[in-house]
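Only one chain is included here, represented as structure tokens and corresponding to the form predicted alone.
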């Protein structure tokens, strides 16, 4: 190797370029994973939505926008979207409110709080299917919940077979399952709030509610944003709870979009239409996520 070529190589292979190459090497597995398991399936779903795929007859026919016209004319879609909205709103509101309340209570310096933290978080690590099956037995007409109500003279309803209680029961089961995760996130955020701000507020005579509203809530607002996005996206992807507890009934009162997608694709073998419903689900999740991200500038403290 000549002196000139060594000099050129030294000038080209700078520390900055070595660092850039190292960074690309580390992010390549994540990029390949995203490409293989996110972007390629997304493109395939859109492609399948333009076809009618009959697995039993082994046919794959291009139909263009026919599945999207079918979606617009489907009489079940309004009821499905309404059930999805009820489930998502109920889950998000109850989950975030209860998680924040538990985090505030468990942030106090009292004996036994560690035990309660473990108790409230333990459902998060329990198998979703096992959790749902147990609650299915408890919520039966002759299950444990009605047995407890009967001891105090209350005749409980058939929780999972009544249109007025089925959705509420599914929402509550899901809230109890995942509230511990948001509780831990809120608890970590609360412990990061500087104590001198609280002391200064108390010195000025601020009430506990004023302290929470003016100090605590603004400072943990980034965590509120994070938990709200996670909970909203998770609520739109619920499937196992509906499948095990109600199978979408009674009627279509608990048939959320993901379960309706499953019915069309895997029970009725309308894979093209199922892919179309998947595109609709993707657009709803994308729109809500973008909306929440844009709203952060108005109510997230660190974005002001």
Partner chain sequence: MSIKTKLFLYGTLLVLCVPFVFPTWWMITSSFKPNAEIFSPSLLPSSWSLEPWRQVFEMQPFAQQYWNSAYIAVVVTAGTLVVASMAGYAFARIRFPGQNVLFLVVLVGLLIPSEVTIVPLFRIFNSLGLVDTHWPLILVPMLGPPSVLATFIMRQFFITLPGELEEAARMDGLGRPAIFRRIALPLARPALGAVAIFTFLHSWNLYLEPVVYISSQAKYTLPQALTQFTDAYQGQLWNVQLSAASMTAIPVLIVFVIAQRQFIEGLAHTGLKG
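Residue numbers count along the first chain shown, from 1. The model shown is predicted, which means the values in this text are computed figures rather than measured ones.
As for the form predicted in complex with the partner chain, it is not shown, yet the points below apply to it.
Annotated contact segment (heavy atom within 4.5 Å of the partner chain in the predicted bound form): 223-231, selected among 162-170, 223-231, 73-81, 199-207. Although the partner is absent from this view, residue 93 stays clear of the partner chain in the predicted bound form, with no non-hydrogen atom inside 4.5 angstroms. Not displayed here, the partner chain is approached by residue 116 to within 4.5 Å at the level of heavy atoms in the predicted bound form. Contact annotation for residue 260: none of its heavy atoms lies within 4.5 Å of the partner chain in the predicted bound form. At a distance threshold of 4.5 angstroms between non-hydrogen atoms, residue 102 is in contact with the partner chain in the predicted bound form.
Within 4.5 angstroms of the partner chain in the predicted bound form, the stretch 235-264 places a non-hydrogen atom from each of 237, 239, 240, 243, 244, 258, 261, 262, taken in sequence order.
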